[in-house]
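Below, in structure tokens: the form predicted on its own, a single chain.
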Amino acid sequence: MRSGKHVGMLLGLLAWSGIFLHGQDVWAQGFKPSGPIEVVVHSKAGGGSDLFARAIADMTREENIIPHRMQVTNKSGGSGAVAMTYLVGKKGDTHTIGFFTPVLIVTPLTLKEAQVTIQDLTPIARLALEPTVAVVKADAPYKTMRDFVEAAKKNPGKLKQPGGAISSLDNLFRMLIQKATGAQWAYINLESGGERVANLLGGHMDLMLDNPDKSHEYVRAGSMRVIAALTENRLSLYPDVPTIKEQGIDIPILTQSRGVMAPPGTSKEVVAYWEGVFERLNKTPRWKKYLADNLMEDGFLRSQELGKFWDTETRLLRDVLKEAGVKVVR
């Protein structure tokens, strides 16, 4: 009996050990980075995507979410085409990720030379959504977007709007408003948000269409004024500011989305790892504070849902470009 009992205990121990070791083996097979992570952004240092990526790199380190540093690589140029081409060249690289905005969807639709589309890359997670507002200098004569439009009609091409890439949302909004109203004003490329703000405050530019985080501190200080919310509903931040549609300008409403992608050929194990990283980040108080401080909304989507979102956005933005009178090449 004693011998049988010992045999049973031994078999039980071996079975438990086998499960435990198998579990360890399965865990060991899961991807974990072995060194620094290269993070590719399509803006220059100080641009929106650059600041967003660096903030996330800091948060993931401070929250001990990943074991290695995230090093930002700036691949600006070609309205995002340079960054996408670079990422495609990193096919299968398990230690490279990139950050996207809608410009990476728009550019291949409008630039024939851009051979890479966002669908060639691997979706990881969507992280945040940003509304757009129309802002002028506080002493400007425009109290509403309708005022600005009427002034632009009287002085075609004279008024100026600073912005990033020609395929960015601020320029798409400009083209949509111009087509809807017949007004015309210039678009001046200033990729850095700081440059746009400085030029608006200096009186060198007349209107800025951008996310509230670029202008809110100046609005609160009384040096800028919001003249329209380019949103479906009024923003809780500016409840007294009418939407552009309330001002009689009926255009499609676009939203700036920010998130993470990886090179083509990224395995399911690597995708699952990064999904987990950003899902953990999404739940931290630090991330929630970052969204609030930067006037962003939680837009978290996992890989599969993000891939569907990319396809939907591609169709939407293709239609918007056509509506704005822009030639679409694919």
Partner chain sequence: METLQNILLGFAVALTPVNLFWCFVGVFLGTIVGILPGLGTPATIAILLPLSFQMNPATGLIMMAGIYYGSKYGGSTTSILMNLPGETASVVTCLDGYQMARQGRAGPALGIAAISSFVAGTVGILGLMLVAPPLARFALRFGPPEYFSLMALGLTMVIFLAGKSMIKGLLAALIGLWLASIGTDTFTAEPRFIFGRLELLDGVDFIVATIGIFAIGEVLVNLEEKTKIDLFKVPKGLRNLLPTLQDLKDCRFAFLNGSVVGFLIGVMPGAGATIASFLSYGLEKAVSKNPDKFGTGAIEGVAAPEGANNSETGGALVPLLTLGIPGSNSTAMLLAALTLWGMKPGPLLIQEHPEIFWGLVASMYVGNIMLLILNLPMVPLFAKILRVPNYFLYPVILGISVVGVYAVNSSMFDIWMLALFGILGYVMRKLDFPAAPLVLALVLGIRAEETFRQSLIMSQGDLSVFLTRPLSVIMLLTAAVLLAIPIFRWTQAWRKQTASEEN
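Positions refer to the first chain, counted from 1. None of the values given here were measured: they were computed from a predicted structure.
The same protein has a further form, the form predicted in complex with its partner chain, not shown here; the description that follows concerns it.
Ile188 is the sole member of Ala138, Ile188, Leu235, Ile253 with a non-hydrogen atom within 4.5 Å of its partner chain in the predicted bound form. In terms of contact with its partner chain in the predicted bound form, the residue from Thr231, Gln247, Asn74, Thr94 that brings a heavy atom within 4.5 Å is Asn74. Using a 4.5 angstroms threshold between heavy atoms, Thr85 counts as touching its partner chain in the predicted bound form.
Remark: Leu129 does not count among the residues lining its partner chain in the predicted bound form, judged by a heavy atom distance of 4.5 Å or less.
In the predicted bound form, no heavy atom of Arg330 sits within 4.5 Å of its partner chain. In the predicted bound form, at least one heavy atom of Glu113 sits within 4.5 Å of a heavy atom of its partner chain.
Across the options 275 to 283, 257 to 265, 48 to 56, 297 to 305, residues that bring heavy atoms within 4.5 Å of its partner chain in the predicted bound form belong to 48 to 56. No residue of the trio Met208, Pro242 and Arg318 has any heavy atom within 4.5 Å of its partner chain in the predicted bound form.
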